[in-house]
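One chain comes next, on its own, written out as structure tokens in the form predicted alone.
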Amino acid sequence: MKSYQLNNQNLAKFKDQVAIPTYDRSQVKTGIVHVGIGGFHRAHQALYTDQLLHQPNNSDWGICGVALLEFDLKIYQTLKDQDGLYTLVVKELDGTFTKRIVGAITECLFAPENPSKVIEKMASEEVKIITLTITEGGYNYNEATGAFDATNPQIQHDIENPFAPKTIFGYLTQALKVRKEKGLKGITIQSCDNIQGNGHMTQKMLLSYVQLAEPTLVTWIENNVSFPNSMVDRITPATAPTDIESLKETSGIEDAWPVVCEPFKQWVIEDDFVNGRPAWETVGAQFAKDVVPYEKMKLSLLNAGHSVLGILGALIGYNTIDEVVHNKNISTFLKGYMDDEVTATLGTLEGVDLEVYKKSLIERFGNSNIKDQIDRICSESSAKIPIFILPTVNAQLKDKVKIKHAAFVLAAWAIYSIGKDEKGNDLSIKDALKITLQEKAIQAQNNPKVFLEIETVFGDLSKNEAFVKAFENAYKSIVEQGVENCVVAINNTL
């Protein structure tokens, strides 16, 4: 099959092979600036928006994608070369692939190249919403105190260099200052990251920064900017070279960075927008008065489940999540964790059948077409574990003290952080706290409790005798018997 580079000029050539945008992209205005144009955004929010743009009278909601970090140069260059177009490949459970070209991203900016242009775009009158996927670690807070980390060198840089910022807070602050000075309407800043109360977190961290950098702006933000919470869900593994080649061979599309994902998607959004919003509910999103219970469910079950499978699977020597979940001993352990420790902490969820939801997670994790890489799931665990697993631990310690599964997973993480699996193979530790984690993990070989003393991750958990005892016992068992033998023993006690 003859292939062509994906761009506006060649778009019509693909219409017989895949679904393509049928709206006039040249007439779409930028109503949304999105920071963090990685795979998840393009499989989720950008797709919802693309679907909406196919409906009449929605042309005000195009997306300007912003690549914030130097690391993001490749995705920026790719999307720029492709006029913002990319292919979304949905890998169905039955093995078939559903493909479509998404056109919602109509502009792309690379922040390190031209910070003022990003600030100007965020501050423009036509932009009514700024959305974020900056990962859990991007919010710059201390887990132990819950406070904004003003000591971060990048934060100090932004305070001293307001017109050449490096962090999201520096960009947002200058953009909001310009909006205020121009007398423009307010704006909505919406997090799409895996943080419970992500809107509240965004508001708290931004105002903490503004208080340091532009204190006279605080009141205007409080009166003119909204921060709706949202719950987002779609498993989106890293794109593999084989995905790129397969797309070219089967559909004739030369796409340098397509996105692959599972069929399931969910987006629950708090309806709190100060300057208008897209009618995303017409394409499957759900608006709600209170998103927090849905967030808690998803973070504590799906995201925590991913971490459980990733950490245990990495130590055993697996490479992908589906391989791990097809190990019956591990999937039984995960089910025990969800049933015995998580479920009791979630309360009542209106309209949600938790048993059906938990069963669906096992099926989704086991989608053998997704091949979600374990090293992606385990990356930045120091930012994920405080959000995904520790709330369950703290709730159990307060009320019921069912902590065996969680203590085992955290002990496994301590051993994982040494950097070797059970067969002696090197593990790729990708974490902002990599040096600290490895230092404490090595010390923990003689005294496991030391690992729990990483306060920025665990808070004061090392002072809880019941948890420390469970953690130390789990650590000793894993060292002596190996992960899978320990898992079998735990499963047999249920």
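Here the structure is a predicted model, which is why all the values come from computation and not from measurement. Residue numbers run from 1 along the displayed sequence.
Note that the form predicted together with a small molecule isn't included here; everything after this is about it.
Engineer: Quick check on this chain: which one of K180, K402, K298, R277 has a heavy atom within 4.5 Å of the small molecule in the model of the complex?
Structural biologist: Residue within 4.5 Å of the partner: K298.
Engineer: Among L79, V283, V210, L302, which has any heavy atom within 4.5 Å of the small molecule in the model of the complex?
Structural biologist: So the residue touching the small molecule in the model of the complex, by this definition, is L302.
Engineer: Contact with the small molecule in the model of the complex for V232, defined as at least one heavy atom pair within 4.5 Å: yes or no?
Structural biologist: Judged by the heavy-atom cut-off of 4.5 Å, V232 is in contact with the small molecule in the model of the complex.
Engineer: So, N194 and the small molecule: in the model of the complex, are they within 4.5 Å at any heavy atom pair?
Structural biologist: Yes, N194 is a contact residue.
Engineer: Does K128 reach the small molecule in the model of the complex if we count a contact as any heavy atom within 4.5 Å?
Structural biologist: Result no; K128 lies far from the small molecule in the model of the complex.
Engineer: Is there a heavy atom of F388 no more than 4.5 Å from a heavy atom of the small molecule in the model of the complex?
Structural biologist: It does: once the small molecule is placed as it appears in the model of the complex, F388 has a heavy atom within 4.5 Å of it.
Engineer: Please pick out the stretch from 417 to 425, 159 to 167, 377 to 385, 210 to 218 that is in contact with the small molecule in the model of the complex, where contact means heavy atoms within 4.5 Å.
Structural biologist: It is 377 to 385 that comes within 4.5 Å of the partner.
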